[in-house]
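Taking the form predicted on its own, here's one chain by itself in structure tokens.
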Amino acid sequence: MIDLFKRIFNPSRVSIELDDIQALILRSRPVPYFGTNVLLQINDRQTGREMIKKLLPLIASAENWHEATDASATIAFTYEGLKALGLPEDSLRSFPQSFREGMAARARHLNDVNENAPDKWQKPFGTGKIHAAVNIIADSEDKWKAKLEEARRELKKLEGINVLVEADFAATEEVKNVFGFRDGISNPDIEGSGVDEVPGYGKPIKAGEFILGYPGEAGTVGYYPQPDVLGKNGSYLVFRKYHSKVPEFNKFLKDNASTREEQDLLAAKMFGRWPSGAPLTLAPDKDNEELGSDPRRNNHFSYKDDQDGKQVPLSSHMRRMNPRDTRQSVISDVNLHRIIRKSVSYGDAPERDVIKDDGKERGQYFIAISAKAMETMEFLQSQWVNDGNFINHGDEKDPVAGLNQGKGVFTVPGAEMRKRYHAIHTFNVMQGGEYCFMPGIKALKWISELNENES
């Protein structure tokens, strides 16, 4: 695979403090990848601060994001976690209300209702017990295991830190999700990170949309947690665990398309891309693996000449999550609703002939980063994922990520007439999540050195 990110780095374009930003924000996801998400509970503030001191040497900065080869670790905290660390009251009050409330309390804003409701989540999600999330990821099994063992050794030295969840994930060189589709192709570039413009990726978006303490698209610096050392160069992270009902998805395809080729096309229409990653806009009739694996071309397209959705349905997952230049019935600035996705898959991808629930755990750890992550995620979930008004489709939902509950509809325009598919299930069921704050490197050090009389 072409290493696009090394090719486009331009040090003269760096204007943000890369050495104070956690690497996850800017590093591209490894190919292949191996990793673990570790969720922790802090029972003692001093032990929590000591934990940060011990883990800090393992946390990579974004200074060399474009040439990263080592395993990296990231740490983020829930509001309950920051309280457990004993942050000053003035600092705690400086966080947004939605972050302080937490994801479970914001369920209706996220349309996490019915089968996705918090009372159906896996514990300990939504209980207030999750205080910190550590993400470890590498491009080889050996590097991953070595970094994970380092973290385990440090955590074992501490009494008062409980490991609540330790969940592994992985993907091969094809980087496909459990539905069999290449994942993580399109992420926005950040202005000031040293990135040059690349065809298909659009103009880099202002740093303040993703990293606190910098101007955003409106030209102003948004409010961020105080003091300055705490908030600047940090960001917010959304963590959501989904169980993917792949056999039910396979059965839907089989029930609604008679041949394998027709099933493949219907699946591509629902996702907006073929399994290889080739976009329907550039490969409307069949998959093109060479195109799908080429980062210089697989995201270089427009919807300008497909405003009716005959190539890529307006309601397809990819088009909903990034409408690009689609004409919207409810106007919104696409750049203000972009997120940096670092999602990873867990479990196996069953064969297409598996159409009954096999009882296996598989799905996605959805990880999204934004300086306005709570606001952005609540907009995406309530509007672009679970509503169709912005594309003049009424209450039609995302066919892949929407809360469809067996009643979903998917509209596919055709050359002569449109076709509507019915009885779509919720193919990705929410199993829990948290809103997290991902501090900068200096902020981590500041928190670790807080004295009792300061808190």
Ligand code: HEM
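All residue numbers refer to positions in the sequence shown, first residue = 1. As the structure is a computational prediction, the values presented were derived from the model and not from experiment.
There is also a form predicted together with the named molecule; it is not shown, and the following applies to it.
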| property | result |
| --- | --- |
| Which of 361-369, 139-147, 207-215, 94-102 sits within 4.5 Å of the named molecule in the model of the complex, heavy atom basis | 361-369 |
| One residue of 264, 189, 306, 183 in contact with the named molecule, assessed in the model of the complex (non-hydrogen atom, 4.5 angstroms) | 183 |
| The named molecule: the contacting residue among 310, 352, 254, 341 in the model of the complex [heavy atom, 4.5 Å] | 341 |
| 4.5 Å heavy atom contact, residue 269 to the named molecule in the model of the complex | no |
| Close approach of residue 242 to the named molecule in the model of the complex, 4.5 Å, heavy atom | yes |
| Residue 232 within 4.5 Å of the named molecule in the model of the complex, heavy atoms | no |
| Residue 78, heavy atom within 4.5 angstroms of the named molecule in the model of the complex | no |
| Within 4.5 Å of the named molecule in the model of the complex: residues from 357-381 (heavy atom criterion) | 364, 366, 377, 380, 381 |
